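Listed next as structure tokens is one chain, alone, in the form predicted alone.
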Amino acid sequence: MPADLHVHTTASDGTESPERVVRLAHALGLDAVGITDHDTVCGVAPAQEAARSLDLEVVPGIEINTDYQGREIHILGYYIDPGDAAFRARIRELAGARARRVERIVDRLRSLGLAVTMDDVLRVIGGASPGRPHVAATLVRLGIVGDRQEAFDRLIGRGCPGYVPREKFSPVEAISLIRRAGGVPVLAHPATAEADHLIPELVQAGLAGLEVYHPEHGAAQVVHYREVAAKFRLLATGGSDFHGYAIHAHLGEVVVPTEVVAALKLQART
């Protein structure tokens, strides 16, 4: 049975609650689903509780957003100890940095003459870990742009007038944080990150896996990253990067065998 190891919920910038993600995954016949919200693990416990009575395994995870030489690099972490005090403290700091960034983006948009307020964005965020997708959703809701992609392309994407860089946190720091909390660090969607030259450094820092299978990886890229994973003896993981049916890929669109879940568990124990 398959496993989708890259899924977002309303705990960050997904449109479906952790409980609904679990129900959808079960209905699709998935054997396991990885809850990997941006810079938070708040969606994991509700998903695990929802899966308790179902024949479905919830793989606890996180996706940490980092920067490297002006490029955004995402590091997935699986089977982190949620009770690790240092990990929880650092994640709280990252959440604070995300909130400050959103406030600065709103200030910049207002300086451009756009009628958007932080209260508007907070109504979209709810209790989630804040991020640019919430700003994009707010701009759609207010009728300032037609869809989220337009918001990124015209206003808040890198190089656009409303863009604000994130507070610096490197991929090596993220790998170290995940490792110290007993987790397994994996480089997310390396093709979109354009991070091939960085992989040897990340392996030295403790990288354990490579997200080979992703909706934005074509067939040639999948072959390439399978070879890279084999070369560096990295786990080849994958998932849909699901954020909601109206946003990105569909849940279960990209899956890996559950043997990958077993391998992640083994890595986490060693």
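Position 1 is the first residue in the sequence shown; the rest follow in order. Being a predicted model, the structure only gives us computed values, none of them experimental.
Missing here is the form predicted in complex with adenosine monophosphate; even so, the following discussion is about that form.
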*Choose from 113-121, 84-92, 130-138, 180-188 the stretch whose residues reach within 4.5 Å of adenosine monophosphate in the predicted bound form, heavy atoms counted.*
130-138
*Do all of N65, R98 and Q149 end up near adenosine monophosphate in the predicted bound form, with near meaning a heavy atom within 4.5 Å?*
yes
*Taking 4.5 angstroms as the cut-off for heavy atoms, does H38 touch adenosine monophosphate in the predicted bound form?*
yes
*May I ask you to check whether R166 falls inside a 4.5 Å heavy atom distance of adenosine monophosphate in the predicted bound form?*
yes
*Is H243 a contact residue for adenosine monophosphate in the predicted bound form, using a 4.5 Å heavy atom cut-off?*
yes
